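One chain comes next, on its own, written out as structure tokens in the form predicted on its own.
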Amino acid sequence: MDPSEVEFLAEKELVKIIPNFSLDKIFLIGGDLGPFNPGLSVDVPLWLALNLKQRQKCRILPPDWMDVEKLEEMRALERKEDAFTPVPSLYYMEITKLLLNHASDNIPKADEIRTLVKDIWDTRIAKLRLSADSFINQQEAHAQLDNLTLMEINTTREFLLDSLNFMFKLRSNLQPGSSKGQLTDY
């Protein structure tokens, strides 16, 4: 799965918008949306919010967690804890990127939020690299990935899979009865 596919999945997350048009409830495969009344907030998938925003049909309200104070607390907790801390959304990075790229005028303190989310991301990726290094050095066979997002797992997937395959090949060649010098690709 590549980052664009993860972003596609993130676009299904619900966000609040304030429409500037009237429309009765609409019936979609993913569920019913609306009714849309000017000035009254309504929950819609992110993809629809971005589409309506591009057509200047709504204002997007940032998610509750997209607040400077909450993100600063989250960053401090992430730096303090050795384990991965729970994130406010499984797609926090993708949602932030999409909202700040397409609706930054609707997000108060957008630059600070961008920096804080990037700091959180960098801290989590550094932890993930250290965990992966420790995992490989200890020659473990399995790992528990609590509180990681799909994008975070995706960034290290290729490295971990290649490392584990290589370790498996090395182990299988060291076992008694194995044919020495023959590496098989699994």
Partner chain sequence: MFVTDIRKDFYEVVANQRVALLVAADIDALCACKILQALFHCDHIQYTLVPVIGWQDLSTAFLEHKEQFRYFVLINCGANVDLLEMLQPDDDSIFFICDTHRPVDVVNVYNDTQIKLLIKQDDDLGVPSYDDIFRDDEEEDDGSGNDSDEGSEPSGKRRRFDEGAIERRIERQRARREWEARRREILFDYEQFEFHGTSAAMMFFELAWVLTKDTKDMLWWAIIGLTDQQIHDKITHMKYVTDVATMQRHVSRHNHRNEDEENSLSIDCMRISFEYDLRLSLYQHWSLYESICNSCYTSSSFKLWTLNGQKKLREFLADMGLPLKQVKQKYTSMDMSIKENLRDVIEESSNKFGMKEIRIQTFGVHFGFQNRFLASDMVHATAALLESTEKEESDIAHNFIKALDSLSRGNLDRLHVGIDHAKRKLLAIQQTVASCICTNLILSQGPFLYCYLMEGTPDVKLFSKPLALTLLCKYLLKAFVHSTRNKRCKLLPLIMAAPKDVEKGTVIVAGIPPESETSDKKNFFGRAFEKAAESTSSRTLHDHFDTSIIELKTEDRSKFLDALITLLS
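Fair warning: this is a prediction, and the values are worked out from it, not measured in the lab. Numbering follows the first chain given and starts at 1.
In what follows, reference is made to the form predicted in complex with the partner chain, a form of this protein that is not presented.
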Whether Pro108 contacts the partner chain in the predicted complex should be assessed with a 4.5 Å heavy atom distance threshold; does it? yes
Might Arg75 be said to contact the partner chain in the predicted complex, defining contact as any heavy atom within 4.5 Å? no
Interface membership of Arg114, the partner chain in the predicted complex, 4.5 Å heavy atom rule: yes
With the cut-off set at 4.5 Å between non-hydrogen atoms, does Lys70 touch the partner chain in the predicted complex? no
Since the partner is left out here, which residues of 52-76 would have a heavy atom within 4.5 Å of the partner chain in the predicted complex? Gln54, Arg55, Gln56, Lys57
